[in-house]
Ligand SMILES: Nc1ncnc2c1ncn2[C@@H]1O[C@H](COP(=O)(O)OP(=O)(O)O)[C@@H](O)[C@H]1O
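Okay, so here's just one chain, in structure tokens, the form predicted alone.
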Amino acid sequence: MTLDDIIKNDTVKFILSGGKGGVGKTSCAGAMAVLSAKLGFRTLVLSTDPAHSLSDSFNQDLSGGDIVPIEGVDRLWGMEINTQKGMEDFQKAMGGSMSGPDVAIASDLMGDLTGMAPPGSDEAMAFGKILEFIEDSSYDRIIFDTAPTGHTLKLLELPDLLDSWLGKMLTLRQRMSSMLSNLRGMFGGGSDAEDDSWKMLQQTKDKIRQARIELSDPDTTQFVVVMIPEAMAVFETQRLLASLNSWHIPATHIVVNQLVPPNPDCQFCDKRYKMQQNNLEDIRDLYKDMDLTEVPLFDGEVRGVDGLEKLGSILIGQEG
């Protein structure tokens, strides 16, 4: 499946752009987002990288944790995930689901509930956004600019971690509910209203199961690996692809970025060109079962919608 096929496929809702740090993941995510919107898909591009650079790519402030329209492109929105804001929302949801004497009793018995948070908050907030948009029809496509490989691997293993964490939370809530009911009975009744936090945790577990299905369906999700033709990047790409395969995340395409053009008049340039070409031969052989797109090194930063459009035309093989 070529990148052009992925972008034009109207069943693909999630595209994740990932790889080693500094290989151009954000530029590729932005370029794919612009392409997608230009084709008529209502597209949201999200940065899950704690060191955000999506704002720089679009020359527009996308920080703050709110979705904003991308200037100059219809049907395109962007956001850099704000972990602090996300954790505050999570804590309000957990703490706000209990009220009155229940809060006082729970606080004495188990500490402040709002202080509890899932492991790996950056990745948890990113995965939370995937869960949020599983059933959301506001956008036809969500493109994720993921963090460097290590963070991305943590993100992709979160379904198992969160499922386990939520299982413990559900057990805890069940025990607390029984204890609180007994205490209410001892002190004169009280409300028997349904515990909303219990329902929320159950619904979240159901969403995680659905996310596993969505993320492993090649008709719905595609992970686009971005790399540069250097030995360390090849090693990290192998590790990333092995993990994607173990989690059944579809990955059929690799972007080989920042290829230096031939320049025999420059000794440094010529050495770098030959080094990259040797690595490129290895990459073509190593990943011959995958579709590759080779992207030249630009003579400047890829910034703004015009720059992203130019990169996008190369990604889908339509460069002029």
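Predicted, not measured: the structure shown is a model, and the values here were computed from it. All residue numbers are counted from 1 along the displayed sequence.
The same protein has a further form, the form predicted together with the named molecule, not shown here; the description that follows concerns it.
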Q: Could you tell me which one of 59, 53, 252, 293 places a heavy atom within 4.5 Å of the named molecule in the predicted bound form?
A: 53
Q) So which stretch, 64 to 72, 22 to 30, 37 to 45, 273 to 281, is the one near the named molecule in the predicted bound form (non-hydrogen atoms, 4.5 Å)? A) 22 to 30
Q: Give a yes/no on whether residue 301 approaches the named molecule to within 4.5 Å in the predicted bound form, heavy atoms considered.
A: yes
Q: Taking only heavy atoms into account, state which residues of 255 to 278 are within 4.5 Å of the named molecule in the predicted bound form, ordered by sequence.
A: 257, 258
